[in-house]
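The chain below stands alone and is given in structure tokens; this is the form predicted on its own.
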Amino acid sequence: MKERIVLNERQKDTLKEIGNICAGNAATAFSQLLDRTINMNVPRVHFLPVEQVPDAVGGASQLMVGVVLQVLGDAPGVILLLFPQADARVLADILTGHKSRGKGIFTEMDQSAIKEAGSIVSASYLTTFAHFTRLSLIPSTPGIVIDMAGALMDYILIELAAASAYALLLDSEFVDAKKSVRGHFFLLPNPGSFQAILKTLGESDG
């Protein structure tokens, strides 16, 4: 039976602060990339068992577009940025400046744009985590997978041999003048990495 990990209030507050700073940094990067104002909100931060990830994004059969990166350095793991298909379509349209060619069709240009978005968000989060934890966290080149949420998690856990029992979820919302896009950012550190991160975020509430 796996060990139960519970966040204390200091850790929860720090993770929320990290999420807000990451959102601001990512929004600035997007605004510069697109030469238009892009805001990001972080409506919730959750720490959950990895098997609950599909339920957290709408169920195992929910069709998602996922950007996947491996994290190297002091706290190895996996980053998974999930967008529901409709939100990924809107994001691709915003980033490419093109109107959608069909709800379920993602061209090579669309996928490249979504990967770039995932890379920007992931770099923002890892840079902020590294600042708070003083750990070296290095992202790999991103890949993209389009599949149901359950199948995506199978890919993460089997193909990438991810060993994490828990996931840190920071929901992100990209907002421009007319549209908003909801994305789900997951950090899945390896077991030893989770302990290292949580230790730096405060071991007690005192």
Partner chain sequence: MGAKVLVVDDAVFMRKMIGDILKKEGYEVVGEAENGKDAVDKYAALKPELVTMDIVMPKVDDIDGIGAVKIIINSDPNAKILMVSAMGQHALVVEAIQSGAKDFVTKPFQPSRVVEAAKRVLEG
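Rigid core: the largest C-alpha set superposing within 1.5 Å between the two forms. The shown structure was predicted, so the numbers you read here are calculated from the model rather than taken from an experiment. Positions refer to the first chain, counted from 1.
There is another form of the same protein, the form predicted together with the partner chain; it is not shown, and what comes next is about it.
Asks: Heavy atoms within 4.5 Å of the partner chain in the predicted bound form: does D74 have any?
Replies: Flag for D74 set to no.
Asks: If you check in the predicted bound form, is L33 within 4.5 Å of the partner chain, heavy atoms only?
Replies: Residue-level check for L33: yes, a contact with the partner chain.
Asks: Whether M109 contacts the partner chain in the predicted bound form should be assessed with a 4.5 Å heavy atom distance threshold; does it?
Replies: Although the partner chain is absent here, M109 would touch it in the predicted bound form, with heavy atoms inside 4.5 Å.
Asks: Answer for V90 alone: is it within 4.5 Å of the partner chain in the predicted bound form, judged on heavy atom distances?
Replies: Result no; V90 lies far from the partner chain in the predicted bound form.
Asks: At a 4.5 angstroms cut-off on non-hydrogen atoms, which residues of 122 to 154 are near the partner chain in the predicted bound form? List them in order.
Replies: Heavy-atom contacts within 4.5 Å come from A123, S124, T127, T141.
Asks: Could you tell me whether the Cα atom of A29 shifts by at least 2 Å between this form and the one not shown after core superposition?
Replies: For A29, whose C-alpha is compared between this form and the one not shown after core superposition, the shift is 2 Å or more.
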